Each structure stands twice: as C-alpha cells, then as structure tokens.
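Only one chain is included here, represented as structure tokens and corresponding to the form predicted on its own.
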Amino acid sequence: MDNIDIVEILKLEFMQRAIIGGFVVAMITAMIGVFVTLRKEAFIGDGISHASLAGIALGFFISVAPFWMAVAVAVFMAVGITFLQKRSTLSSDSIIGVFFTLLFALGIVIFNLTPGYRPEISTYLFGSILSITWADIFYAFGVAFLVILSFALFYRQFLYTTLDSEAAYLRNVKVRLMNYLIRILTAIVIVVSIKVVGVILVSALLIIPASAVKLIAKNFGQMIPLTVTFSIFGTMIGLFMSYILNLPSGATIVLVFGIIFMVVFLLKGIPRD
C-alpha cells in the first residue's frame, strides 16, 4: 500500500486489458444510458442483464460461444418486451418482470445441468474486469462501432423518439422502429458489459452516470459527453482501487459511481431556497 508503483501496475498485461476493456464499455454504456435514463427505463436494463444469464448458460451447455448466445437471448427479450408492450394490457414493468425472472431462473438451472466444466457463476453475476480477455475487448470494440454508427445515422430520430414520441411521429420519424433499435442496442451493450461488473450490477453502468449528469447538465447536448466522462473516470478509479485494495472489481466500480452521484446530488440535486 505504501509503495504503490502505478507504472509497474500499467505494465501488467491483465491490467492493460482491463483498462482498454473498461474504457470502451464505460463509453458505450454511458451513451446508451443517457437514452435509457431519459426514457425512464431503468428496469429494462436490469431485466435484460439478468435474462442474459440464460444465454450464457445455454452457450456452455451446447458448447457455443456464451457471448453470442447471451446476445441472442438479450435481443429476444428486448424485442419481445417492445412487441408485447403495445399488444398487452400488462404494464411494461410486469412484462419485464415475467421475462427476466423466468430467464434468470432458467440460466441457473442450465448452469447446474451443464456436464463437465462449469464456469464459476459468480464471475457472471458480479463481474471480473481483471480477467477480461482480448476476445472480450474485440467484442466490446465491435459493439462500440455498432453504437457509434447507429448514433451517427439515427441520433435525431433517437432524440425525438425519447423526448416526445408523439411529436416524433408527426415529424415522420419511425417511432416503433426507433424503439426497437434503441432496445436492441441496449441489450447488446448490456451483454458486452457483463464481464466488467456482472449481471447483477450492469444496470448501474447505464443508470448512475446519466442520472448524475442529468442533475447538472444545462441541456441535452451536454449530457452524452459529460456522462461518458463520468463513466470512464469512475470505471478507471474503481478498477485501480479494486486492484490495489484487493476488492471485487465490479462492486468497487459501482461504489465509486455511487459516491460521485451522492456528491453531485448533495451539491446540485437539492433545491435551495
């Protein structure tokens, strides 16, 4: 503790992977998180992350890359929720709750039925950014490219759909298509982020930075760059703290986010007379 050598830490290959992966994941979760927060859909992030455990477990069970199976299940849930939301008398929270509890339970059962090698389930539940691989980083960069491309093509449509869907419809924006696209992107971003903070905590990456920035941003144009900055800063601080103090990486990152949020809330969130 007294002789921490940051340069030596940075020479460690697993730390280099963690920094690169953490940076990319922090950026894309922040970008998507702004829209998730403004759409008041915090629960959907939690639901998709828990449901994706079924895809991870199924991947190990049938010897297919867990990442792709998790993406398939997460996208299935995102599309299913969006489809049923307009065609059911149930609230969106109820639909999400039914989906994610069933799929989460299914994932646990499949993990226990998997013959031979079974990965430590806690790695997926709570994350392990220090064990991130180059393959994980490759997936993260691929998802980052997809998110940035989607924002470049549909940013205004995303914005109109998020802030006022009725006005967006009058502007000839394909609101239903944009809703599907935003949720599919959210699902894919969640899956690629699981290795960093885990199924249980991944929604924190989506919600906490954007919620903190919402308290201080003067306009929407400031939200994405400020949220990305917050997310990257918090992820890096949490990563180094977890290594130096030998703490769980995912939980430490989220705690750092929480501390920053509380500071912002205390300074800006309480109205003054």
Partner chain sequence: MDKKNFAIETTNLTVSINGNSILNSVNLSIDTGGFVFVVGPNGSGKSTLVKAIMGLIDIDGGEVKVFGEKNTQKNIASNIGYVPQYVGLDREFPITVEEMINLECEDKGKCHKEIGEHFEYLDSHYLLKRKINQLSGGEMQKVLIVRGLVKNPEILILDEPTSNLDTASHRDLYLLLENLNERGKTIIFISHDLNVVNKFASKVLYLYEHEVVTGDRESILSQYRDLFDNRSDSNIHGSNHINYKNHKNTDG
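From a predicted model like this one, the values you see are computed outputs, not experimental measurements. Residue numbers count along the first chain shown, from 1.
Below, we refer to the form predicted in complex with the partner chain, which is not included among the displayed structures.
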{"property": "Contact stretch among 154 to 162, 68 to 76, 199 to 207, 130 to 138 - heavy atom within 4.5 Å of the partner chain in the predicted complex", "result": "154 to 162"}
{"property": "Heavy atom within 4.5 Å of the partner chain in the predicted complex - the one residue of L103, A144, I188, V173 that qualifies", "result": "V173"}
{"property": "Among the candidates I108, I148, A167, L177, the residue which, in the predicted complex, approaches the partner chain to within 4.5 Å (heavy atoms)", "result": "A167"}
{"property": "F220, heavy atom within 4.5 angstroms of the partner chain in the predicted complex", "result": "yes"}
{"property": "Close approach of M241 to the partner chain in the predicted complex, 4.5 Å, heavy atom", "result": "no"}
{"property": "Non-hydrogen atom contact V64 with the partner chain in the predicted complex at 4.5 angstroms", "result": "no"}
{"property": "Contact of L38 with the partner chain in the predicted complex (heavy atom, 4.5 Å)", "result": "yes"}
